[in-house]
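Shown here is one chain on its own, the form predicted alone, set out as structure tokens.
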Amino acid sequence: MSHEGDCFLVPGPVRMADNCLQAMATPVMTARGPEFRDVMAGLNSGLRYAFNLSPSEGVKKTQSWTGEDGYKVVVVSGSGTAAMEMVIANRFRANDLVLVPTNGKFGERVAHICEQFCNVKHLKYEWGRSFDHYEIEQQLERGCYEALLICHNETSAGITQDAEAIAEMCERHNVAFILDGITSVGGVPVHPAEWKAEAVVMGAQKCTAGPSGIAAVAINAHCEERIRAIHLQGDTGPKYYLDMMAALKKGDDDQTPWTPAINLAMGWSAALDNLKVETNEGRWARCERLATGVRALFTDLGFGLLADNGQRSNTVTAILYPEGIDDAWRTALKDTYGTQVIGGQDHLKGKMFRIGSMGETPVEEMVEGCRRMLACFRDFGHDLPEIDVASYFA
């Protein structure tokens, strides 16, 4: 099969399927009636599947948000950043000390959010470089940290952290482990219960191919216990809309504390139905197939990849521009070839481009998109041989 039309290969927001778009076109309903409780129950069940948690029934009044593993899922009417702030604002006291290793923009955002609510030790590594696990171990041995937080999949640099190894360190040192999984949940293997993660955050518009502006948190029983204790002791920082206690009070009733993003919830639920059909394992494998092909293709053509080998992301690949080429290439790619990728951020702006391989992107679209990228590079005078692009994704 071949792909016709635009190629949309950005690392989120990703293209949404027709059933997701149609679900969002549903006529408005009240947020407090039985119809929306049905929507929330279905969404909760889909979220538990995407988070790789024990299953629940997508039926109202059955505690759809929780399961045998003790985790609860909480829907947030806001972006993944809002959901991450919700976790941090509710879980920590002002005098708590947390450790945040980073190697890209979104990990640094996690550190900056923490700075608003508690004390932070920020281990700032170069973008795309692997964490120094020896240094992290040394820090944890100090016995002074309440938690360690990471951005699991760093889309700004195309690198995925070794969450399993970091989780094992946290368990040995009795430190809470919290995961920004906004661009990993639904795209790469994430195992909250196995890693004993207190909280994991997901954004709809990334790997699960839902709409922008809605997110979710999965928290375990210990995280809930700590949040309740801090709340009862009156030791919480300022918050209102992102009060986790308010959300927990409404969960059993398949509701949210404030007016929810009703149509976005319906769209996301439909997108999660698609994930269930493909299966987590099937989607992880397809994302890996796409990313492996992209990495091999551009490496064989002499391009440099930003992230360290061995930890390169399967949901986004960061590729360095050849000498003499900058973001004018991206503009031409969009205008001339109907293909979109995304550029670098901050100090890497104009120095690289990033190809997303998340969501429901089919292999045919990636093959055609890469063909157009190579043609556009040739237009810019970059000498590239003719190459069988499809063979890299076989």
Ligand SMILES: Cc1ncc(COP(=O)(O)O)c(C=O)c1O
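Small disclaimer: the values here were computed from a predicted structure and weren't measured. Quick note: we count residues from 1 along the sequence shown, nothing fancier.
Quick note: we don't show the form predicted together with this ligand, though the next part is all about it.
Proximity of S313 to this ligand in the predicted bound form falls outside the 4.5 Å heavy atom cutoff.
Of the heavy atoms in I182, some are within 4.5 Å of this ligand in the predicted bound form. This ligand is not shown here, and in the predicted bound form it never comes within 4.5 Å of any heavy atom of P101. Though the partner is left out of this view, F106 does reach within 4.5 Å of this ligand in the predicted bound form, counting heavy atoms only. Taken together, the three residues N44, T208 and G267 lack any non-hydrogen atom within 4.5 angstroms of this ligand in the predicted bound form. With this ligand omitted here, the record of contacts in the predicted bound form names 76 to 84 of 121 to 129, 76 to 84, 277 to 285, 231 to 239, defined by a heavy atom within 4.5 Å. Residues of 356 to 394 are not found to place any heavy atom within 4.5 Å of this ligand in the predicted bound form.
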